[in-house]
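Shown here is one chain on its own, the form predicted on its own, set out as structure tokens.
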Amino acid sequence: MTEALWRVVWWFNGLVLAYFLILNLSYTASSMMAFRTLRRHIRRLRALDLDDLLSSVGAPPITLIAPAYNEEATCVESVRSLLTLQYPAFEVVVVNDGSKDRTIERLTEAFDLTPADRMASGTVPTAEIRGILTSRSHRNLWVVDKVNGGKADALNAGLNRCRTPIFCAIDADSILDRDALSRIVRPFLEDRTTVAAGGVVRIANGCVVRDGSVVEVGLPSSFLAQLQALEYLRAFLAGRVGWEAAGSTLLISGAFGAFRRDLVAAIGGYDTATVGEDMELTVRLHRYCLERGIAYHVAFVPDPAAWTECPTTFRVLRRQRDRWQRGLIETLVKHRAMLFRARYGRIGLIAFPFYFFMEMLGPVIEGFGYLAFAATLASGRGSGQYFTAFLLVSIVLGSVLSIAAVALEELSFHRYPKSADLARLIWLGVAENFGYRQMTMFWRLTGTFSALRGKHGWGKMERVGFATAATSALDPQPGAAGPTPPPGPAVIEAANRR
């Protein structure tokens, strides 16, 4: 290695150490804010009666929009979950986005679907609508059957059929807690400026589902899925809660998020030109309101949970992380005018720069940083202090933050009742730094190169299905009238008039 090249490597090593230090210190600050926020949140929940709040203020009707593409393995159980939610007035609109499997057939068989008319309430352009179906057994269930146009296009099709002031976008492979709607709507009731609210997403692999609800929580049997369960805890309890405490929520997950319908329609719905439609919509809401001086709040609520099936193979996980990185880049590049702009407040000065430099450029810095680290060791020029510093900021601090996320989970919601599962999560917090983190970083790096090449598309997501404990109570029994469904369109329209 020439002396000039060595100086470049040495300079880059310093950059990598600074990156890891800033990243982990940011996560540390976020975890500390999350700890305080969760403590206040838990105390408040203990003193709060959601039913009283909903009855005193009035529960706004909600439409759940669930885009589905090749979801035959999980769609029926997921829809059952939605139909059993405890909320006064809601509708479920499943959008079949040109599935090539038996998604539409399974839904038709399970819920006795029949063709029906439903007037469009919006005009956001979408792919062709082939038909509208409604359920004979559950009058608040609708299915929009359309030509394939992608997830964002399917969400827009659901938005065009939404007749309520708030809609909740979820994934068709997700299962919500029974009281999830009551909890995620709370920010809209307590703060009239709320335009969007997100909830926690948790891993359903390893859990037992009965009658459309998660009745037993456990870690997945797959080691790969266990690592993702830890990632989700860290991302939501330590990350999103911390950003909420800082008033800078920049991302509401597409798996579970509630929005004001009129505002989303006003900005043109979801962007179909990106695979990161959830983050792009959140950023665009921020930008729209800030540029027009509209008082608003984008909230994150840590207790309502959506349970989703995560990838169990390296191939599918690679596609997911590649897509996430491309969606991040597309959103940040599209709205790059917000970077370091004071007119966008904390979003432009704090949140956007963090995502831009730490998340978007992170895989490039980290990936080439490992190469520079290896070259330094191979050249024999790496000192003990340098090796210790690299180990400390890249592995030790990362492990501590993962363990802190497990502590936040245990101290706040205690969703994992088995001590063995908690011990496993703590061990995973250390183990993930030796191979898994580098692997996902590499996939994000390839996602960066894919974005530079202009790659678009989701890739195939293979579903296994939920582990069910018994036949659902929503399954019609011979000679039985079946359960009484929640209030349907008539109730929702009356509530809208109020």
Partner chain sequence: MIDDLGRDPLILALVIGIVGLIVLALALIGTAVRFRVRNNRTGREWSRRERTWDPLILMVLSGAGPDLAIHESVAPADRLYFIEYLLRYARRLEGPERAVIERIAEPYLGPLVNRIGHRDEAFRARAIRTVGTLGQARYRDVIVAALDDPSDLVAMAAARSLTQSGSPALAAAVLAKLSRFGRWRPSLIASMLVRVGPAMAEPLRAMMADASAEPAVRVIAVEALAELSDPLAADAAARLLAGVTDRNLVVALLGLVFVAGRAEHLKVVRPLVASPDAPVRARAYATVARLDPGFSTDQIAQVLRDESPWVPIRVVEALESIGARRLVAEINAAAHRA
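Positions refer to the first chain, counted from 1. The structure presented is a predicted model; accordingly, all values stated were derived computationally and were not measured. For clarity, a rigid core is taken as the largest C-alpha set superposing within 1.5 Å between two forms.
Here the subject shifts to the form predicted in complex with its partner chain, a form of this protein not shown in this document.
- The chain is drawn here without its partner chain; in the model of the complex, the stretch among 195-203, 333-341, 285-293, 384-392 whose residues come within 4.5 Å of it by any heavy atom is 384-392.
- Of the candidates Val208, Val400, Leu361, Val316, Val400 is the one whose heavy atoms come within 4.5 Å of its partner chain in the model of the complex; the others do not.
- When you look in the model of the complex, the only residue of Ala375, Ile267, Leu422, Val147 with a non-hydrogen atom within 4.5 Å of its partner chain is Leu422.
- Residue contact with its partner chain in the model of the complex: Tyr27 places no heavy atom within 4.5 Å of it.
- Interface membership of Tyr69, defined by any non-hydrogen atom within 4.5 Å of its partner chain in the model of the complex, is ruled out.
- Of the heavy atoms in Lys100, none are within 4.5 Å of its partner chain in the model of the complex.
- In the model of the complex, its partner chain sits beyond 4.5 Å of every heavy atom of Arg178.
- For the candidate spot formed by Ala152, Met439 and His456, no residue has a non-hydrogen atom within 4.5 angstroms of its partner chain in the model of the complex.
- Residues from 7-46 that approach its partner chain in the model of the complex with a non-hydrogen atom closer than or equal to 4.5 Å are Phe35, Arg40, Arg43, Arg44, Arg46, in the order they occur in the chain.
- When two forms of a protein are overlaid on their rigid core, residues whose CA moves 2 Å or more are considered shifted, and Ser174 is not one of them between this form and the one not shown.
- With a cut-off of 2 Å and the rigid core superposed, Ser394 has a Cα displacement that reaches or exceeds the cut-off between this form and the one not shown.
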